[in-house]
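Next comes just one chain, in structure tokens: the form predicted on its own.
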Amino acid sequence: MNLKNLSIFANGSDRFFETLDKESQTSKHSKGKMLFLHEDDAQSFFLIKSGWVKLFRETLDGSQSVVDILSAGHIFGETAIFENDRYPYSAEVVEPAEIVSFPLSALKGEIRENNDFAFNMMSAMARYRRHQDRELEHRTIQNAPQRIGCFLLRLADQEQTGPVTIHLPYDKTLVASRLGMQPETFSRALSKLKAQTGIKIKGATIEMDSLNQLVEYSCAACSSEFPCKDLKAQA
């Protein structure tokens, strides 16, 4: 994956990308691997080449609050530069993953020296904040099947035309937790989404003839037209 194609890195200098390419490290991880913990000193940020990563915080009673579940193409850990160089959440591999790490120092240097890059990164973070605000809105006005549809749209290539295939992590309880549902509610809602839209569900794979099957159903209750266009957080 070419980092120059990620919107969060728009306006990055050639020297910045050369540094990332030179100092990057690619590694493969099995399910259950903890990449870092909340409040750990941050030295790196990460790009998911394949697999799934869960971002979470632990509550006072020891349970987990899932911040996000990220798939291939997503960046994470970069916001530590605004958190006194400490990770604001924990990160765990939830499906076998190939992950590239980059030095956080290179990102900090580019922000200091490149005003256009810094402004673009702030814009990307603002988009992510809007995404979080929309999720709060969705929990109020969308039913459970629509929320699942929105989540699936976020995972899809929204420029793609024709048939679409989306692969979910096998542990559906993770997705349920991410969407604020109990596992049994998620299962019932997924079945209803299938009945309402005609999508095909084969284990952890979702197939549809086109994205319109989900857009027309899930976006009807949103306050803006096709808001899922911006839901690829930090990508």
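Here, rigid core means the biggest group of C-alpha atoms that superpose within 1.5 Å across both forms. The model shown is predicted, which means the values in this text are computed figures rather than measured ones. Residue indices: 1-based, along the sequence shown.
The same protein also has a form predicted in complex with the DNA, omitted here; what follows describes it.
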Legend entry - 4.5 angstroms heavy atom contact with the DNA in the predicted bound form for Thr205: no
Legend entry - Met181, heavy atom within 4.5 angstroms of the DNA in the predicted bound form: yes
Inset, instruction - Spell out, yes or no, whether the shortest heavy atom distance between Asp171 and the DNA in the predicted bound form is within 4.5 Å. - result: yes
Inset, instruction - Look up in the predicted bound form whether Asn143 has a non-hydrogen atom within 4.5 angstroms of the DNA, and give yes or no. - result: yes
Inset, instruction - Counting non-hydrogen atoms within 4.5 angstroms of the DNA in the predicted bound form, say which of Ser187, Ser27, Ser30, Ser210 makes the cut. - result: Ser187
Inset, instruction - May I ask you to choose, among Lys49, His167, His38, Lys192, the residue with a heavy atom within 4.5 Å of the DNA in the predicted bound form? - result: Lys192
Inset, instruction - Can you check 171-179, 52-60, 65-73, 38-46 and let me know which stretch has heavy atoms within 4.5 Å of the DNA in the predicted bound form? - result: 171-179
Legend entry - Core superposition between this form and the one not shown, C-alpha change of Ile148 at least 2 Å: yes
Inset, instruction - Answer yes if the Cα of Glu184 shifts by 2 angstroms or more between this form and the one not shown on a rigid-core superposition, and no otherwise. - result: yes
Inset, instruction - Tell me, please, whether between this form and the one not shown the C-alpha of Thr205 is shifted by 2 Å or more, with the rigid core used for superposition. - result: yes
